[in-house]
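Quick heads-up: it's one chain on its own, the form predicted alone, in structure tokens.
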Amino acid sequence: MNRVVSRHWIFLGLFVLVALTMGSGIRLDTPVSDRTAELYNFIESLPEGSMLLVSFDHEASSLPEIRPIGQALLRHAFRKNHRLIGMALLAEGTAIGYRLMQQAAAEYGKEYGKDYAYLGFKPQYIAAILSMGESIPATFPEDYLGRPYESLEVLDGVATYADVAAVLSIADGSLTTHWMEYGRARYGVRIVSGVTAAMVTTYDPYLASGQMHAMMGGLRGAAEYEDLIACPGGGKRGMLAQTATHLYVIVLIGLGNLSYFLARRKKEKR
């Protein structure tokens, strides 16, 4: 019973700490890493109006980490007046990606069909990637809203990867690997990505070999990117809460060890 009560107090303390931290307005200094700067510089260097294919290759369970990553990248792309095509290789990421694109587009006054479009979900991701290399209109005859591909102004003249500056994969798993193995290797399209922190080491070899052009990782990467575009968001807030939580756990570990040694010392005296 005591253990249950103690556990409740621990979680209550964590909740109070995070709530106070998030409402405090504290700003963390997050020096920008070379990896994040490379992705920023790539999108920044593209000619205005470049076409980017954004694929939401993630599940809903990773939304707290994926959302800040996606938001930062979409905001930067729209701010630079790039044109965006959205899609998803996982069903769970479909509606999430559509909402993110809508929200970011509204912030910059972008119009659906003219500045961006959303093609939706395509099952069998390997087949979808290969099919788009041959013909994007044939792979997605209609967009996510059921409108014919040819009716959307932003998609005019976009037939294959040759008409796309890069594929931006926002992922929480291994789907970015398939973009490199089939999209990059077979059709030569550049692959850039925003991935969860757990996947960064998985993709490091691809980045080092040049198979992936640039990458941003985790909440830390999102916070760094928000600094670069001067637009604070979920990355900065998430890093603040995450830092406070880590410090809280360290304090609890210290108290636990102190309690153990004091109890052992008391036992030895007896």
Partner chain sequence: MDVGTAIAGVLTLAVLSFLYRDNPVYKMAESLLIGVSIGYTLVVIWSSTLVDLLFRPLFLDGMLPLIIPLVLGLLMFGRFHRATSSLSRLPIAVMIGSGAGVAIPAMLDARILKQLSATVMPVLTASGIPDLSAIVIIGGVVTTLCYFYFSREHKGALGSAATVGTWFLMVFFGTTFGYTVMSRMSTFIGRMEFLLTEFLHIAN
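Positions refer to the first chain, counted from 1. Small disclaimer: the values here were computed from a predicted structure and weren't measured.
The same protein also exists as the form predicted in complex with its partner chain; that form is not shown, yet it is the one meant from here on.
Proximity to its partner chain in the predicted bound form, taken as heavy atoms within 4.5 Å, picks out 85 to 93 from the listed stretches 72 to 80, 85 to 93, 156 to 164, 104 to 112. For residue 200, a non-hydrogen atom is located within 4.5 Å of its partner chain in the predicted bound form, even though that partner is not displayed. When contacts are judged by a 4.5 Å heavy atom cut-off, residue 184 counts as touching its partner chain in the predicted bound form. When its partner chain is considered in the predicted bound form, residue 15 lines it closely, a heavy atom lying within 4.5 Å.
With a 4.5 Å cutoff on heavy atoms, residue 22 counts as touching its partner chain in the predicted bound form. In the predicted bound form, its partner chain lies within 4.5 angstroms of at least one heavy atom of each of the following residues of 237 to 270: 237, 238, 241, 242, 245, 246, 249, in sequence order.
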